[in-house]
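In the form predicted on its own, a lone chain appears below as structure tokens.
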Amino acid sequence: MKVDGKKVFWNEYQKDIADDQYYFVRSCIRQNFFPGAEEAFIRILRNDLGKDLYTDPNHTTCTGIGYHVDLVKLETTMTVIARQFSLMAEAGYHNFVISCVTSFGLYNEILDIWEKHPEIEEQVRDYLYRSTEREFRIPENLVHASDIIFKFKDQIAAKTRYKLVNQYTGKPLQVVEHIGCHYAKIFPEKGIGGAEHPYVLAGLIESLGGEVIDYPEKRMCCGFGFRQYFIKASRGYSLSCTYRKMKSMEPYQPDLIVTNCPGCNFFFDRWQYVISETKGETYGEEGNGIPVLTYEEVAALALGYDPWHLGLQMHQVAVEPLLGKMGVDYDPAVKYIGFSGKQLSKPQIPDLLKVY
């Protein structure tokens, strides 16, 4: 009976994820933070999995950041998102895949409003038509990009060149997985595993041979939270959240942090540098930081993608210790060579945090 009860409970946190024919909407901020992550997702879906993935140059931001800091009205945001749905229908797709966790939460929030208040949906249809002469159709399937990678994790694992295994010891790499708050905390039923026990990243990590670390502050926010960062006077609180997270995971000596949110990825990566400069602390081995990668970057590394083509040199925390443990074949001499073939400017060397 207990086993059956667990199965019933787990089934409540499963979700329908379409097999193919995806309309993909990019994130407005992660292309600036880690520009290779989305391209890796596109390449994995198209080249490694043979899926039909459409990227539309006409789609825009969802306005999520502006909405959450009260700069954009809800009615405007709903109309912008309605336009995205109209572009999907115009392109001939029904399955909507979202790159950004903030966007994912916002799209689900708006669909929930429309479901409970159809009169608001009709009002937005009127707004959209009067402003653009467009009409929209609600997607048949709406998921986050990390859901897609999770769905095909076993197929990806079967094609990998490298595993999340330490080549020197033969043991699984110790990995912290961090889920963006807007992935499942707003609507737990929309995330694989819900809010408290999400499996969308843990499943990928385990499929690639890694071991997930359970630590006290596992479900605490990374510190982004929009208002506490975008309001300059509150940024100390943002930093303190990340510091608390890092101190909590430190005793477990993680080899890697994996995220599915651009903000979380940015803050775990960049704040480690700030902490090293202000408090004189680093959390990796021998003065290194703990590398922070997105789920696409981890999958792409395992598949044998070149780390510099992935843009891993854009990360503040050096990834070379991780590459060494995984046995990844790479050329350190071309780390800062641009696509033009010319040497790019190298970043300044921090006082404490090691770079290569």
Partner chain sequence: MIGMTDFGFKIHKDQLLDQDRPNVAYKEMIEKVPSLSLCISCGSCTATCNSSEMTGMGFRKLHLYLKTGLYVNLKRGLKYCQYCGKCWLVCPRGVNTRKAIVEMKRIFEIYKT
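Because the structure is predicted, anything quoted here is derived from the model rather than measured. Numbering follows the first chain given and starts at 1.
Beyond the structure shown, there is the form predicted in complex with the partner chain, which is absent from this document and is the topic of what follows.
**Student:** For the three residues A195, E217 and R244, which mark the spot I'm curious about, does each lie within 4.5 Å of the partner chain in the predicted bound form through at least one heavy atom?
**Tutor:** Answer is yes for this spot.
**Student:** Consider the chain as shown here, without its partner, and state which of Q167, S234, S131, Q123 has a heavy atom within 4.5 Å of the partner chain in the predicted bound form.
**Tutor:** So the residue touching the partner chain in the predicted bound form, by this definition, is S234.
**Student:** Among the candidate residues V72, L87, A157, A202, which is the single one with a non-hydrogen atom no more than 4.5 Å from the partner chain in the predicted bound form?
**Tutor:** Partner contact (heavy atom, 4.5 Å) among the options: V72.
**Student:** Only one of 89-97, 147-155, 178-186, 256-264 has heavy atoms within 4.5 Å of the partner chain in the predicted bound form; I'd like to know which.
**Tutor:** In the other structure, the partner sits against 178-186.
**Student:** Does the partner chain come within 4.5 Å of any heavy atom of C221 in the predicted bound form?
**Tutor:** Contact check for C221: yes, within 4.5 Å of the partner chain in the predicted bound form.
**Student:** Are any of the heavy atoms in H68 no more than 4.5 Å from a heavy atom of the partner chain in the predicted bound form?
**Tutor:** Yes, H68 sits close enough to the partner chain in the predicted bound form that at least one of its heavy atoms falls within 4.5 Å.
**Student:** Quick one: is F226 in contact with the partner chain in the predicted bound form, heavy atoms, 4.5 Å cut-off?
**Tutor:** Yes.
**Student:** With the partner left out here, check for me: in the predicted bound form, does some heavy atom of E109 sit within 4.5 Å of the partner chain?
**Tutor:** So E109 counts as contacting the partner chain.
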